[in-house]
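In the structure tokens that follow, a single protein chain appears in two forms: structure 1, then structure 2.
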Structure 1
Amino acid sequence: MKLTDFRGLLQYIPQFREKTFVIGLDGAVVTGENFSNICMDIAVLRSLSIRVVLVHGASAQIRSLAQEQQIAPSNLDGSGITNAETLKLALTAANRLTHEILEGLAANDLRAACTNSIIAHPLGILQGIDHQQTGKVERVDVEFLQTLLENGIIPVLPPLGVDGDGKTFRVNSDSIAVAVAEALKAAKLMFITSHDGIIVGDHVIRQMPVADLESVLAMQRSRVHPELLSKAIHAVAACKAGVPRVHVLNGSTEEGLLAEVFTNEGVGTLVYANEFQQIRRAMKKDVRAILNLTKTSVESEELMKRTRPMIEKQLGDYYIFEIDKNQVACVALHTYPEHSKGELACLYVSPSHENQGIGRKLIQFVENRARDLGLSELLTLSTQAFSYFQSKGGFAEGSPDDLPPARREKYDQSGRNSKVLVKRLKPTTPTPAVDEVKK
């Protein structure tokens, strides 16, 4: 891990300390080559005081066990009918897997325990079909799980439930993960699968608000990859039950679990409930973020180079767009009140948040500030995004003569030959104070 990665990671540590992550592991992931690395990633989460619950599936193992024993299972994933023979297979497969997980965790000095904390009842007769020993979660024994978590023990939950009479039912592991995440008020539910994320058509979804995924399921369900349909359905169910973030990622990606948790970009799919967005004034602690955010654009000459002292000197001009306390975009408004002009500068949106209208929101925000300050013209200089400012921001092409004299001098010295874009501002009613602009 690079030092810069480590710094990026540090910002998340207070955010997740003592929070609960429920991790749903597909059975195929547990027997996959990367499983020992996943256990190491879990050890990192635990070392940062993140509480972890593991829920695992077993369909891949039920399938191979059935082949070995030449039995045709009545269902694999715990959502169809479970006859007595299939329940037997599920018990053998699940117990083996639970044990493999316990072994993997033990190899990383992690304490873990298999529990009977999922209280289930029969799924019953649906549309005239008796689902026999398929169960659904009736209740999660929260107290039991919390006792383990408080003592630093990772609960490991198989895709099975028991009722008050001690009868066992086969329960779909995704539905157990959702029920547990809801009951424990988890900060995250992470599904680790054999795919790179939720695939719709040919594309892996990177980030999606739950309402959008819900409408994909309603209108384009057939476009969702069949092996990820259950994840998509359960991701929506979890967000609607109050889990703020659901991730779906590939178990064979090295350090994938950590990258998903500790980077803004992530590696899989993030489905989120309500996010907290705000535009706020930049503070001294944001200078590093501004430098880091804009680094690649400075290198590619989209943005002019700004040093730390330059930013610090004009810090009052800078604004940050943050999502859930992560800085994802920035912009500045430099003013020339004697000429009634303002300059929109240093507009940058992180690649992981492009094309979500954040750039436009920041242009609109700067425009409103400029109006509130009584400025009549907004300028911006651009080498590569001039058509963006024209088509999305309503700017028109101007010339260096539009710049106030002091700015013009710097322009001539820089040799960047940026295009100058201009927008006349009509006065409107004042906008709310900066820190109230929340979406």
Structure 2
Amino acid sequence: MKLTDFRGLLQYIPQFREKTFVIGLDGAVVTGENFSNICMDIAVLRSLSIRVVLVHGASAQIRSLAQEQQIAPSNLDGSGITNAETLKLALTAANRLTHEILEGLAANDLRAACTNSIIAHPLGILQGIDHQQTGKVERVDVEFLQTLLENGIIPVLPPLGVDGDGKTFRVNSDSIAVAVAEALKAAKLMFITSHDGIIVGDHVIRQMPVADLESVLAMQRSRVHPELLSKAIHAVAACKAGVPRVHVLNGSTEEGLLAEVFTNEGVGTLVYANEFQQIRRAMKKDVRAILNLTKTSVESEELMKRTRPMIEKQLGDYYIFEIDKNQVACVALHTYPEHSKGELACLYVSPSHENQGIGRKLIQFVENRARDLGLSELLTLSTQAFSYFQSKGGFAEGSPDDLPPARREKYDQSGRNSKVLVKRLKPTTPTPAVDEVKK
């Protein structure tokens, strides 16, 4: 994402202003070369009035300290057994990392404070095994955290918790992040790791409903990358606890945090609890989005080139498919009422949202609109996607003679030699108004 493209950033500001993002940082990310850039990204979030809470892990540092001291740690990630030696390593590692985070934030003129807002109790004896000084979150001191946030201070939470007697426990940082996100009713929980996202088999998942990820964990758990299993488990837990969006991304990607938040495609994995979809009429402010969406397809000659004036002249023919107010697809319906025909045109779905049935939804939507307008035939022209329209849309191959005269003239002038596809329309009951076609 180019930060100079401020207009693209502006559309998200009202959506996220005064919302809370909980960011979970793996210990290896904090000591990585890109951490200073992550701190700058956080500064951008704060400048947009987004409240930020940081939770960090320390497993990489615990491992390093253990090697230095020739100790075999009993628990690296805060979910196994924590003996006295490992807790001592965890305290040392966590304190060092917290200080590095505070330094990084201070370098960007951000105020921050390490807190004792995680109240924990012993994980206890599970399956006959005493987990000793491993703890789990009992509650989050929400009032304390909200006071800090309201005063522009970023809370920094180590992978530790304390009980009412002041006893410290080692706690899994992912579970702390989930508990904090739930308690603060965060809009987003973002895990920043050393990987590009949640990996299943050899593939990075780009987007997935929480129910699908839960199914993967139940049926294909062994295929989830072991270093990302905790992220996947806690992403599901967060969504089920009411956090609408969980992101997993690579901390070494420059501007990755901002790209994940402020672009439709993102750079990591998005796990979502629900989604708001709608098909609506395009407005003048959407012209730029239509041009950006279709740019790659125009370059590959899948779609006919359209200029801004061309789109603006026929803007009433265009529709946008939105997910959470992000434009992810577009389509147009050009009508020739004197011939009772319509043309489905400029159908395009962003690569990040392919294979989700959006193209078929748009085809069906255009069909319904054409019927509502009393049209009896729907046409579409294609140079490369004709098999898709035939198999998914029910179109049959026609000929240029099926085109209305005005459209035939443009067809001949273009020299694209597109295939003409035709679908006869049967009248149906009217569809809802455009802005009511939502899911």
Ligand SMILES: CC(C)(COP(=O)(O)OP(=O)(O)OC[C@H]1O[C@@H](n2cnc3c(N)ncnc32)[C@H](O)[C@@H]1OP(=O)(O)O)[C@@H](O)C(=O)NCCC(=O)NCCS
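Throughout, residue numbering runs from 1 along the sequence of structure 1. This one's a predicted model, so the numbers in the text were calculated from it and none came from an experiment. For clarity, a rigid core is taken as the largest C-alpha set superposing within 1.5 Å between two forms.
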Exercise for the section: Quick one: identify the form predicted together with this ligand, either 1 or 2. Expected result: 1
Exercise for the section: Align both forms on the core first, then report whether F35 has a C-alpha shift of 2 Å or more between the two structures. Expected result: no
Handout entry: Post core alignment: L375 C-alpha displaced by 2 Å or more between the two structures
Key = yes
Practice task
Determine, after fitting the two forms on their core, whether R63 shows a C-alpha shift of 2 Å or more between the two structures.
Solution key: no
Practice task
Fit the two forms on their core, then tell me the C-alpha shift of N417 between the two structures in angstrom.
Solution key: 2.4
